[in-house]
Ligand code: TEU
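Have a look below at one chain only, the form predicted alone, in structure tokens format.
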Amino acid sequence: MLDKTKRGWWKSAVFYQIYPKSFQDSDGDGIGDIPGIISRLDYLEKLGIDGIWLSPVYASPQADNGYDISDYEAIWPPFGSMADMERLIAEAKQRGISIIMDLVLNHTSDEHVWFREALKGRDNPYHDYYIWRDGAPDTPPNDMLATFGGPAWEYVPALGQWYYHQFAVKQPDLNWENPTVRRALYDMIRFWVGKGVEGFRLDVIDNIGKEPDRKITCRGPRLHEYIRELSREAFAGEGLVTVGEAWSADVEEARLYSDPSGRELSMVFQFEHNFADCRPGGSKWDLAPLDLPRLKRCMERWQKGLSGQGWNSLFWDNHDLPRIVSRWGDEGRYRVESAKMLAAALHGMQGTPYIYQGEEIGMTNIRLPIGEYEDIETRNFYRERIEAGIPEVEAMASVYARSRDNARTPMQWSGAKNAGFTAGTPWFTVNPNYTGINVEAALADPGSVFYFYQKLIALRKTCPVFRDGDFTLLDPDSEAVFAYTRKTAEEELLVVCNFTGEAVPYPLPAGFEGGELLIANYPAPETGTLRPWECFMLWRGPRK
């Protein structure tokens, strides 16, 4: 178990993201809940994780599955009560697991009391909690578009004003220029720290410094001023883990977010690597084959760029992304091998790994008729593409590959009805392959993806090179192999991963012939050849 009293303990930690709605239902209503999470803590302890990133459990009308918060200091009733939340925090802590709450500081729900008051008039003290602009009903302040589709401005006839929403119309953006807003948010954070929460993942934090009149949505001129104040007023002295989600971050920006001085945040959650299979200049929906050299150059840039100057999050999956084994692996014949390979490629790098629920058993994407998708972004994308004349087969190919709902199907616990997720009717479709891919089967199989993740997590705690080693990319132009070394004064680690379903020649780099095999997804490496989706880690150093 990690000593969490040590500064920077999270550099050796592995976190596990739970999407509560889809994790475990305890009362048969078809919706995952906090008591359900508590019932699975022993499973997570067995996996070996050090903390849970808990997606929003706050009161919400669920227009965006909880990322539209109507009360920061209350629990959405289908998830349980505040007493349930307090029990989760306490029981997790007993197992050495920290609770890291997902916190949305960029916007609220339009049903939050602040916004309801703001609608009462321009003189209401809460009116300035949000971003308003005067204008005629048919003339928005400008042509900015919302991330989820459509204009970013919504007209309120009673006020003769438009409010700004970077995401859904029911998610009005908070006005961070108002110091009263900031103080209210800091007070709310202290409320949760008092409950025993040990950190926060800050949703779209790069948007809080927006200047919509200049069409600036992220990385605004006051962004880092705001984050430093947030850190100073709400986080300082608490030993909290703080993770900034920043889709816009580059390496230089990330050094500011995660400066080792601690002025801002513990680490950055950035997404540049997620565009290695998108058409250049396109959106995430514009599909292209994985460009492995591009992915490797991206990873190298972040590994070298933050070494000693910041800290990165490592992830393939989350609630906004498709399942990695379907995306860059082989969800069919080589599902197990490719899931392990992808895990090894990621967990060998410097940074704090995040495992998304089900990733540790190799869960896959799902294909549904468009009418069965729940995600607002997916539905809006499909409608816009069809209206633009894009053939339905092309639009649906993008939905199948990229919809956020791929990650939101219920957790597959067993081969029983509804995958053991609920005794009732699931809120969202269970992937039909649950009869073969589930936790019960994984725990019964010593060669499962689960036990591979368990071993990777343990390795990060026993070999300091995972945390501290310098990164060197090998064979940067190879379109099949992702290989790199990590090196300290005492240890050296070699990570080799075949990103294809074909056997490829691969001579072992000089000096590693006698290296200790730490982990592999085949019984033993073959000399000079990598089998389909093969991976292994070799280690050299003194045994203590």
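Note that residue numbering follows the sequence shown and begins at 1. Please read these numbers as outputs of a predicted model, since none were measured by experiment.
Missing here is the form predicted together with this ligand; even so, the following discussion is about that form.
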Can you say which of 515-523, 23-31, 43-51, 61-69 gets within 4.5 Å of this ligand in the model of the complex, counting heavy atoms only?
61-69
Considering non-hydrogen atoms and a 4.5 Å limit, which listed residue (255, 467, 408, 455) is close to this ligand in the model of the complex?
408
Picking from 442, 144, 75, 204, the single residue whose non-hydrogen atoms come within 4.5 angstroms of this ligand in the model of the complex is 204
Residues 171, 320 and 377 are flagged as a possible site; in the model of the complex, is every one of them within 4.5 Å of this ligand by some non-hydrogen atom?
yes
Hey, in the model of the complex, is residue 167 touching this ligand, heavy atoms inside 4.5 Å?
yes
Within a 4.5 Å heavy atom cut-off, is residue 191 in contact with this ligand in the model of the complex?
no
At 4.5 Å between heavy atoms, is residue 155 in contact with this ligand in the model of the complex?
no
Could you tell me if residue 107 has a non-hydrogen atom within 4.5 Å of this ligand in the model of the complex?
yes
Only counting heavy atoms and a 4.5 Å limit, does any residue of 244-271 reach this ligand in the model of the complex, and if so which ones?
245, 247
